[in-house]
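Below, in C-alpha cells: the form predicted on its own, a single chain.
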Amino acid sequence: MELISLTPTALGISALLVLLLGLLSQLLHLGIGRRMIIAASRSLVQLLLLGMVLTILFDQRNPWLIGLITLVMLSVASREVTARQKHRYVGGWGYGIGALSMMLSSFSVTLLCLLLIIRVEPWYSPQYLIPLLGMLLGNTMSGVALSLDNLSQTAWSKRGEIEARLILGAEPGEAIREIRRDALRSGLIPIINSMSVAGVVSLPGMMTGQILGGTPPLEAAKYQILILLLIAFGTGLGSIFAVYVGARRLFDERQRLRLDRLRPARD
C-alpha cells in the first residue's frame, strides 16, 4: 500500500483540535493555554523546516551541513534541559550540565549505535543519524530534566534537613544521598513505563512511522526495540551524570550547602 500524503487541510483540522484544547484550558483557568498554542506553533514551523532541510541533506549528504544540524539540535536540547525548571543553576552551570549530559547520553550513544550496532556506511548518513539522534535527544532530555528539577526542588525545600546532617558530621554526598536517589528515580520512571507498555498499551512512534511508510511490521518492531533500549541506557547515563554533578554543585569547597547557586524561575 502506498503512503497517503497529508494535505494542508488534514493538518489544519489537527491544528484546530489543539486550538480547541487551548480554549478549554482558558475556560478552566489552567494557565497553560497560551503556552500550549505557542508550543504547537513552534512544532509546526520547526518540523516543516526540518523536513525541507532533511530533503536537501538526503540529496547532498554534506558532512559539514549534517554536523551543523546535529550541533543545533544538541544546543537546543542542552538549553531545554534547564529552561523550565523551578530552580535553575546560576550562571552557565545549568547549560553546561545540560550540554555535557546530552553529549554523554545522546550523542555518544548515537555514535555507538551507528558504528557498532547498525554499522551504517558512511556513519554520518543523515537518513539514520538525524532520526536516531533526534529520538535520543528528545527522550533523554526529558529524563535528565526531570531528574535535575527533582534534585533542585527537593534540595531547596529540604535545606534544613540537609544542613542538619552536615552539622552532625555527614559528608555532602551522604547528606544529599536520598534526595539524589529520588531524583534519579523520577528521571527513569517515564522510560521504564514506556518499555513496560510498548506493544501492549501503546504502539511507539518510530514503529508507527515505519509501518505507515511501508516497512514490514516485524522489521519495524526490531528497530523500535533497539531505540527503546538505547533510550533507556542514554537516559540513565545522562541522568546519573547530571544529578551527581548538579548535587556536587550545591556544596562549596568547605562542604557548606550553597543554595544561592540556584535561582527560582520566573513564571
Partner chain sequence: MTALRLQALSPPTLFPIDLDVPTGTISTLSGPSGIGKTLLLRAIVDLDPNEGDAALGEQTRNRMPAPQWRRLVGFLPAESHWWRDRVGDHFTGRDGLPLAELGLPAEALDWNISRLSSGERQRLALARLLAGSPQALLLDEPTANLDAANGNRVASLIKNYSRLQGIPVIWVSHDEAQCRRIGDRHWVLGPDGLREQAWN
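Residue numbers count along the first chain shown, from 1. The structure displayed is predicted, hence computed values, not measured ones.
This next part talks about the form predicted in complex with the partner chain, which is not shown.
Check your understanding: With the partner removed from view, which of 158-166, 121-129, 108-116, 190-198 is the stretch that lies within 4.5 Å of the partner chain in the predicted complex, judged by heavy atom distances?
Key -> Going through the listed ranges, the match is 158-166.
Review point. Tell me, which of M103, A170, A83, V90 has a heavy atom within 4.5 angstroms of the partner chain in the predicted complex?
Key: Answer to the contact question: A170.
Review point. How about D182: is it within 4.5 Å of the partner chain in the predicted complex, going by heavy atoms?
Key: Output for D182 is no: heavy atoms all beyond 4.5 Å of the partner chain.
Exercise for review: Give a yes or no for S14: in the predicted complex, does one of its heavy atoms lie within 4.5 Å of a heavy atom belonging to the partner chain?
Suggested key: Flag for S14 set to no.
Review point. Applying a 4.5 Å heavy atom distance criterion, does R258 contact the partner chain in the predicted complex?
Key: Although the partner chain is absent here, R258 would touch it in the predicted complex, with heavy atoms inside 4.5 Å.
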